[in-house]
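Next up: a single chain in structure tokens, the form predicted on its own.
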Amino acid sequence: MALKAISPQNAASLDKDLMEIGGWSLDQLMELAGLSVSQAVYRVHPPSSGKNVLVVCGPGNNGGDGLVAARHLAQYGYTPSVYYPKEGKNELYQRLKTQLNNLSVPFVSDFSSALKSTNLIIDAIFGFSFGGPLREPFPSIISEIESASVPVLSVDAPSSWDIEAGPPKEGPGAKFMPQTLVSLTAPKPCVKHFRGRHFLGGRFLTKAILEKYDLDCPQYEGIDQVVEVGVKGERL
């Protein structure tokens, strides 16, 4: 089954439709996104492979997805920690932080040291709305993730990648290729440059939304919120 990619413009329009027409709140969409990410982590890196997970969050909704994923991972028995160098201003993010504080999930300040003790990195820095250029502190952060010796799972798009054109030609992120990518709602055009395990999370879209944006919906198994699909769209 071929899965169509969605442009960043249509992805933004789809989110708007979900909230204005579909009755969804940002909290709900972020919860489902973070849950999908956590399930993908469990698939590719079960706790037996190492419980220490470093979640690197950006200031926008992608970072919020990472905060939700960290909460679920803590409940699954992992030992997550969060690096959140530039916090989002929406009070939703503060509530997500409170939930993590209540689970004793640490927010780390020394990124380089945290990298040395982690078994998996979740890249939740930038999503489909990223348009570049990178601004500090993110170029140095992405360079460190890029050269890390542990596997990386990116949320929606590898951070630093152009959503249409893929990895930058030079500089931070030019050689960034995470082992796993979780596309949310639908793959973004940059997926054609990705070589790794690819999951789709979006088991809540209605038939009307799928038809409006000319999207496909693969068959999710059981109660799973993610389904693994080929990097060129073929179902695995």
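For every residue, the number given is its place in the sequence shown, counted from 1. Model, not experiment: these values are computed from the prediction.
The same protein also has a form predicted together with another copy of the chain, omitted here; what follows describes it.
Participant: What is the one choice in Ser129, Gln99, Thr79, Ser140 with a heavy atom within 4.5 Å of another copy of the chain in the predicted complex?
Facilitator: The residue in contact is Gln99.
Participant: Residues in which of 23-31, 172-180, 48-56, 185-193 have heavy atoms within 4.5 Å of another copy of the chain in the predicted complex?
Facilitator: Looking at the partner contacts, the answer comes out as 23-31.
Participant: Should Lys86 be classed as touching another copy of the chain in the predicted complex when contacts are defined as heavy atoms within 4.5 Å?
Facilitator: No, Lys86 is distant from the partner.
Participant: Closest heavy atom of Ala148 to another copy of the chain in the predicted complex, within 4.5 Å or not?
Facilitator: No, Ala148 sits far enough from another copy of the chain in the predicted complex that none of its heavy atoms falls within 4.5 Å.
Participant: Does Leu205 reach another copy of the chain in the predicted complex, with heavy atoms at most 4.5 Å apart?
Facilitator: Yes.
Participant: Would Gln75 count as a contact of another copy of the chain in the predicted complex, using a 4.5 angstroms cut-off between non-hydrogen atoms?
Facilitator: Yes - in the predicted complex, heavy atoms of Gln75 and another copy of the chain come within 4.5 Å of each other.
Participant: Scan 109-123 and note down the residues that get a heavy atom within 4.5 Å of another copy of the chain in the predicted complex; none is a fine answer too.
Facilitator: Nothing in the stretch sits within 4.5 Å of the partner.
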